[in-house]
Ligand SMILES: Cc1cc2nc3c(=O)[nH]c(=O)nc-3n(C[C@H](O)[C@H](O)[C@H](O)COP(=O)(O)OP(=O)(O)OC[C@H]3O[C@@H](n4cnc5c(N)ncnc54)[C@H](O)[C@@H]3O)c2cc1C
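So this first bit is one chain, no partners, the form predicted on its own, shown in structure tokens.
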Amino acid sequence: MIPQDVHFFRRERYIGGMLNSTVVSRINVTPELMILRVRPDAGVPQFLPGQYVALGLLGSAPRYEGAEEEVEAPAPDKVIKRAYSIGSSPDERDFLEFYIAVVPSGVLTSRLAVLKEGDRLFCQPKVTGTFTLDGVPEHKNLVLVSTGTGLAPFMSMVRTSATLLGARAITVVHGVRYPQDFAYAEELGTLENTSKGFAYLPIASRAPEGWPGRRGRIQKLFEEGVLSLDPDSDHVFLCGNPAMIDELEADLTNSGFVVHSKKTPGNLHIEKYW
């Protein structure tokens, strides 16, 4: 008979082996938004801007104080996994960056919210996803439209030097509820000031009166002609709120854009975040 303590140590070693990455940095944007930088033990894998991996924590991991009660608590030794777009460039070889919204009822994000520098978590070794610039001609303009943390794959794209090369114009549109939710405003503003043909259009739907920036939904930019698109010269990427995507998809396909797929290459690329 194998002693009980041997079973315990084997189990602890097995569970510890599931956690294959370390948090190297955490930036709190707001109480509901954070930027998490993670270093996999095996090193940063090769990937294309726009792809994603799964992050995970054990069901026994603590949740943040104030999180909503779980309908059904996960098994303590089960790794809870969810997919997140990579926000860092493939040129960054020290860590993977993730832009995460903390959901009070979320099974995983309520646990990720507790993580601090040095903590361990699971990061899927395999990177996947087709929401990339692969196949987009270098002379075609890019219009990258996102809400909330849907900005993450676009940050990976514009942080990659190859994306900014050539004569194409690049426009990043980011819609949020409140001005404090613009996590990457300074970085994108600097790119607008220093990169020819680069434009950054932030818009907040619930900005207070007197706020000097753009107010309203992303769709307002299209309705008022701030964004004028041409299916012959532009490739549009949509990522974030499904309601925004559904509305713009209908409008853009009526204007001559074609939804991209493997079977039918097009100039309208879609990634719904939930």
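Here the structure is a predicted model, which is why all the values come from computation and not from measurement. The first residue of the sequence shown is number 1, and the count goes up from there.
Separately, the form predicted together with the named molecule exists; it is not shown, and the next lines address it.
> Sort through 195 to 203, 76 to 84, 136 to 144, 117 to 125 and report the only stretch with a non-hydrogen atom within 4.5 Å of the named molecule in the predicted bound form.
Of the options, only 76 to 84 has residues within 4.5 Å of the partner.
> Looking at the partner-bound form in the predicted bound form, is residue 88 within 4.5 Å of the named molecule by any heavy atom?
Residue-level check for residue 88: no, no contact with the named molecule.
> So in the predicted bound form, is the named molecule close enough to residue 154 to count as touching (4.5 Å, heavy atoms)?
Residue 154 lies outside the contact set for the named molecule.
> Would you check, heavy atoms only and a 4.5 Å threshold, whether residue 170 touches the named molecule in the predicted bound form?
Contact check for residue 170: no, nothing within 4.5 Å of the named molecule in the predicted bound form.
> Is residue 107 a contact residue for the named molecule in the predicted bound form, using a 4.5 Å heavy atom cut-off?
Yes.
> If you check 183, 176, 96, 100 against the named molecule in the predicted bound form, which one has a heavy atom within 4.5 Å?
That would be 100.
> Looking at the named molecule in the predicted bound form, which residues in 48 to 75 have at least one heavy atom within 4.5 Å of it?
Contacting residue: only 52.
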